[in-house]
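Single chain ahead, by itself, as structure tokens, in the form predicted on its own.
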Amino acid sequence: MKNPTFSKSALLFAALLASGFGIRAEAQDAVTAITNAKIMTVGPLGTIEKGTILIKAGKITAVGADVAVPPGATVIDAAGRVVTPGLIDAHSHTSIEDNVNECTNIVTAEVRVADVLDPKDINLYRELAGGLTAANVLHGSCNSIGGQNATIKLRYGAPSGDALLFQGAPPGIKFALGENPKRASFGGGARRYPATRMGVEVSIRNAFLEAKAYKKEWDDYEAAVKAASAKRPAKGAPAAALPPAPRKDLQMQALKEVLEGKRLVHAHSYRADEILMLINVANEMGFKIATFQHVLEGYKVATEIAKHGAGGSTFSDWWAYKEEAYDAIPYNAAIMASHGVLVSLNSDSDELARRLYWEAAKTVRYGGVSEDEAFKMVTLNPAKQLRIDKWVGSIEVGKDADLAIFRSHPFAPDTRVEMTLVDGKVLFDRSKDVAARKGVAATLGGGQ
């Protein structure tokens, strides 16, 4: 029996491609102009009441109130609409289906989310319909140290998973504290260590003790090679013998990169005591936490998080779904921000990712965050947390043309996204979507 949901999604994908959607080649000198728009730049230009954005070769080349549209440009008239930077989700599991948790070991730093990305996952398209243009796709949370993340652009329909990858984004890795890693039978199967919060802490410390020893082996080897190459043997004498290279270990290599500051740590966390524990372990081992994810008790230790230099990527009002989430409050984002923590709001859900703009709106109600600062929590702030803000997160000349065109202000109760662009290409257009849906409905109604 055919899966009706799959069939409908497949038909919609085909219909959208037929209507001109999807990744396609464009002339490098072609110019697109978005005109007559209210532009929320989330950057130095603030909000422009009636402005124009010029796009060429996937980049923003001009933005302002007095920008001339060159002859021959493709014009998108956004009169009455609001243009914003594309939204960014700092915690997602989209496009990896069942390949989320490798639960067989407490440390699985060697596995890579990038190897299992699916560019035709219908959730990517649905998230584009909510203005999302980039996401931090993370390994699951059944390990104290899980797999390597993938920062992606939502290039739905791209020819391969590799084509989703955000070029230039620094690599990262998922850590997890609390209930998830200590449930030794998480995901079914045989029980495994650890079964307590104490064990979670020790597993992280032990992994980094091993990684430090591994790093020293490689540092010593590279120093010996450098020293040998610097020596000039006498004429006719044999070159100095090089020491054998240490054995490459992919798990330890990832943690070595953490120690060297080359790989960002994104740590699933809830309780204040465990947040402090990981900060202490990181300080002891000599690495930094880039973000605490979920971080529902972050408001209790916001000063300590800020002192460490970590960001906080949280929910607006998800709680009470498990014991360690009972102390969550809707003021968490505002309190952390007021203490100097760089805060973003994430989804951890393919459904919630379609409405991140309303998640940001809740911080205005709960904590009195300004509208501008609240909207940064789903645009510029996650871009900074993922170290991709020189390309995305605000509308500025030279940045990628990742944009969302809203019907009205993103926080308005009647708003919706009319169009989403990634790299200057329209990957969601509500008018074409509605037309494609009618075609799908007619096809399904015909019994196919």
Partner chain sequence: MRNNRYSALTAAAALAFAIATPALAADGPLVIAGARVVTVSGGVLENASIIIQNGRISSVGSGLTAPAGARIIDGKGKTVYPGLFDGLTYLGLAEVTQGAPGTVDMNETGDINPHAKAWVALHPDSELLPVARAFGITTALSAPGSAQGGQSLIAGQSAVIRTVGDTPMALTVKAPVAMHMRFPTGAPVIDFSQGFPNIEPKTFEQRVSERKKNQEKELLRLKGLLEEARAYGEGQAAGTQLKVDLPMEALALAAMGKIPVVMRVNAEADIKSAIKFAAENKIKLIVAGGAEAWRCTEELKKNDVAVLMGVDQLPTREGDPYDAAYANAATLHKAGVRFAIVTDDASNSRNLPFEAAMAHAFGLPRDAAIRAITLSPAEIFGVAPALGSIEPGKAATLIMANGDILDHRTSVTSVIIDGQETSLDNKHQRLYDKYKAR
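The term rigid core refers to the most C-alpha atoms you can superpose between the two forms while keeping them within 1.5 Å. Residue numbers count along the first chain shown, from 1. All values derive from a computational prediction rather than experimental measurement.
Beyond what is shown, the protein has a form predicted in complex with the partner chain; the following relates to that form.
Partner contact region in the predicted complex: 343 to 351, out of 343 to 351, 255 to 263, 68 to 76, 204 to 212, criterion any non-hydrogen atom within 4.5 Å of the partner chain. Taking the partner from elsewhere, E323 is found to have a heavy atom lying within 4.5 Å of the partner chain in the predicted complex. Within 4.5 Å of any heavy atom of the partner chain in the predicted complex lies no heavy atom of F287. None of the heavy atoms of F375 is located within 4.5 Å of the partner chain in the predicted complex. In the predicted complex, the partner chain lies farther than 4.5 Å from every heavy atom of F175. Screening M277, I329, A306, L165 for any heavy atom within 4.5 Å of the partner chain in the predicted complex leaves a single hit, I329.
With contact defined as any non-hydrogen atom lying within 4.5 angstroms of the partner chain in the predicted complex, the contacting residues in 426 to 442 are F428, R430, D433, R437, V440, A441, given in sequence order. When two forms of a protein are overlaid on their rigid core, residues whose CA moves 2 Å or more are considered shifted, and V426 is not one of them between the shown form and the other one.
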